[in-house]
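A lone chain, given as structure tokens: the form predicted alone.
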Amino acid sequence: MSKWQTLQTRSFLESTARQRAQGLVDEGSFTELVGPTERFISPHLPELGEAVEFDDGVVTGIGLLGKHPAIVISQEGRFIGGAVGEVGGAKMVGALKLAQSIYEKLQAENPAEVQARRPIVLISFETGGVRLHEANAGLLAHAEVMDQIQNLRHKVPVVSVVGSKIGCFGGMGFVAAATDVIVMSEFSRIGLTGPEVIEQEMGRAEFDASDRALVFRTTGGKHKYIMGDCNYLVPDSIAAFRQQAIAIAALPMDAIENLRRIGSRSAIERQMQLVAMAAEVSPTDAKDMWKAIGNENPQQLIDANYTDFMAQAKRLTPAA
């Protein structure tokens, strides 16, 4: 069994950023861009006496998904919690610009092949948001990434891949919401403010961050899937995320657009309907919303394994 084949069997949750990046694309096709040998480090961390990483906690590269060039951005939660700083943010923006240049070249030279060979962007999020050590640069990076995602709209699918331990929080939660498609596992989480921060600011009576069951049924993959905040829920393996990426790459852009959760009148109308539903239900727990959507036994879904959950769960669809 090759190293790449071994990667396919690995838990996405337990894998490093580089393993995820290499395993999401075809065997032997991954080329890292601005890797550790380039030694682009944060200019701010040494001034604060902090350790650096030569990739600044973000792995970027290009590979293939069949005929589709796949630009991969993968964050490493083991370095400062995956927080975004100047260099890591610039690498993300550069990778998105590369996707745009590949698309524009294909469109100009061989427009008949755009559907079959159109690039796809995969962003493997693992972050708590902005790196406080370089907050202004981190905030600017968030804005630049979102701006570039908007530039790619209707041209190149941008897919959020969320299956890591830390999940996707802070400003990067906004960034994930701005992408075309979100793929999660039941062990991943997406949110704006992390549980610990909510507890710190509002008190444990408002949100008990030590209650892992509460955290996951509020921000976790199962909840996001039921509420329509993620498009696909997959098992916890690199192979499962890869297979879903292959299926997304084959979709026409009209179908990709319909998977978006924001950015259109119909998406706004769906969100307003959800707000009205929540006002009527007045939920005290995520399970109240699950039941209102049609899941008569929410606790059973919480305890269910992936296969049983997918067979039983009723959900709000993010597609039009």
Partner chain sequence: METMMGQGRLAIDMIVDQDSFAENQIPNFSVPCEDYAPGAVVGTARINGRECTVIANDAMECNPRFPVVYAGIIGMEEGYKMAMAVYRSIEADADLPVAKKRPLLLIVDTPGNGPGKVEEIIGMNKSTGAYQLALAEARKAGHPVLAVVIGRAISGAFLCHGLQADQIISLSSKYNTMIHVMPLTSIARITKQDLERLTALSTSNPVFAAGPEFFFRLGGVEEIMESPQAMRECVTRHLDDIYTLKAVNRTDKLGPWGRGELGEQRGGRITRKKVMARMNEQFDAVADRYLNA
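Every value quoted in this text rests on a predicted model; they were computed, and no experiment measured them. Numbering follows the first chain given and starts at 1.
Same protein, other form: the form predicted in complex with the partner chain, not shown, and the subject of what follows.
J.: Looking at heavy atoms inside 4.5 Å, which stretch does the partner chain contact in the predicted bound form, given the options 90 to 98, 245 to 253, 231 to 239, 156 to 164?
T.: One stretch meets the cut-off, namely 90 to 98.
J.: Could you tell me if all three of L64, G191 and T219 have a heavy atom no more than 4.5 Å from the partner chain in the predicted bound form?
T.: Result yes, every residue of the spot touches the partner chain.
J.: Given that the partner chain is not shown alongside this chain, does M289 nevertheless sit within 4.5 Å of it in the predicted bound form, heavy atom to heavy atom?
T.: Contact check for M289: yes, within 4.5 Å of the partner chain in the predicted bound form.
J.: Taking any heavy atom pair closer than or equal to 4.5 Å as contact, tell me whether V114 reaches the partner chain in the predicted bound form.
T.: Output for V114 is no: heavy atoms all beyond 4.5 Å of the partner chain.
J.: Does Q107 reach the partner chain in the predicted bound form, with heavy atoms at most 4.5 Å apart?
T.: No - in the predicted bound form, heavy atoms of Q107 and the partner chain never come within 4.5 Å of each other.
J.: Going by a heavy atom distance of 4.5 Å, is V34 a contact of the partner chain in the predicted bound form?
T.: The answer is yes: V34 has a heavy atom within 4.5 Å of the partner chain.
J.: Out of 187 to 213, which residues reach within 4.5 Å of the partner chain in the predicted bound form, heavy atoms considered?
T.: I190, G191, L192, T193, I198, E201, M202, E206, F207, in sequence order.
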